[in-house]
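Here you get one chain, nothing else, as structure tokens; it is the form predicted alone.
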């Protein structure tokens, strides 16, 4: 087991995790209607979406994939060796998960988003969602992964999502995490992009008492482009913990990371990111930005960006910011007759609103609006 004394787990709540509380979830659950206010905008904005339900990690046996989509209950090996986020939890996932591999081929209708619903409704159990997305050459697709639970759920979720893109493929990926306040999540995302592949990823995280997400994106082919985004809002005593690795192992690659978070009450936001440029990855462009808004004296945010450059002829930069609401912005709005409590709510909503432009999946703006409204209500209660 890792501890907070290890750099990769610094600032985390891993020392407080009691695995003996959870049993291993070992069966299917009865189908349940999705109860998630964060997920609803996606379903409403994409009425033609292809819905795939996995019921605690097990494929819905009634689902018949359409043309251009294939499903397998296997965990492929083609990117497992690239899984830089591997730790004891990912190894446990490999041993105990019911894996799902979705391959999207040239016959797929690109106008129809694929929505994978993972509704976790086990009690006092550990669940291990394991999803692999594979895009074939020249394929364009939008994929939404919804990870949600009932509000009263008490579970440990250890999800893994692996993305493998062949040459010239383009993917818009969205994760919506809406776990109950009694849940713990230790999740991993890994992507591997081949020549000229493009990935635009967005993670929206609002649930769980402790939610950790390790994101690894590898530029494995020349000219690949990875765009990683995240929006998260902590309230009460939540800990939202994000670790990222942008790894460049091929030339002419580009990666951009933009993570924004807000913390209220006694919540704790953690971000630690690394840009790694391997030998031979010349003409790399890599950027990393993390911004955190601290709304209460009891809230805190730790932001630790890092660079590891092993090649010349590259452009790499990182930036981070942690601070309260801008006093000039607040004064400007109050001077125009807006009450202080409404001013703060408007500024927070605007802080997240710009993230909607960083995803082309319909419904993202409404999700961010719902997240901001929910967390503001918790902050004020």
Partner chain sequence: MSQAHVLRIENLHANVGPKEILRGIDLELKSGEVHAIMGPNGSGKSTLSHVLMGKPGYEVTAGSIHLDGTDLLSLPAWERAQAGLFLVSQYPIEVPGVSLEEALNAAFETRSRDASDLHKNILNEANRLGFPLELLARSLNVDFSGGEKKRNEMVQLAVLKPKFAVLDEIDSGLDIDALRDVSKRVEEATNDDQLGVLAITHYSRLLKELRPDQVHVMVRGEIVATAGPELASQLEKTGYAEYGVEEPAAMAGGNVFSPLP
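From a predicted model like this one, the values you see are computed outputs, not experimental measurements. Numbering follows the first chain given and starts at 1.
Although it is not shown, the form predicted in complex with its partner chain is what the next lines describe.
Q: Give a yes or no for residue 332: in the predicted complex, does one of its heavy atoms lie within 4.5 Å of a heavy atom belonging to its partner chain?
A: Heavy-atom contact with its partner chain at 4.5 Å: present for residue 332.
Q: Flag residue 323 as yes or no: does it have a non-hydrogen atom within 4.5 angstroms of any non-hydrogen atom of its partner chain in the predicted complex?
A: Residue-level check for residue 323: no, no contact with its partner chain.
Q: Can you check whether residue 67 is within 4.5 Å of its partner chain in the predicted complex, heavy atom basis?
A: Contact with its partner chain, no.
Q: State yes or no: in the predicted complex, is some non-hydrogen atom of residue 354 no more than 4.5 angstroms from a non-hydrogen atom of its partner chain?
A: Looking in the predicted complex, residue contacts with its partner chain include residue 354, since a heavy atom lies within 4.5 Å.
Q: Tell me, out of 346, 37, 45, 34, which residue has a non-hydrogen atom within 4.5 angstroms of its partner chain in the predicted complex.
A: Filtering the options by heavy-atom distance leaves 346.
Q: Can you tell me which residues in 319 to 344 come within 4.5 angstroms of its partner chain in the predicted complex, by heavy atoms?
A: The stretch touches the partner through 328, 329, 331, 332, 333, 334, 335, 336, 337, 338, 339, 340, 342.
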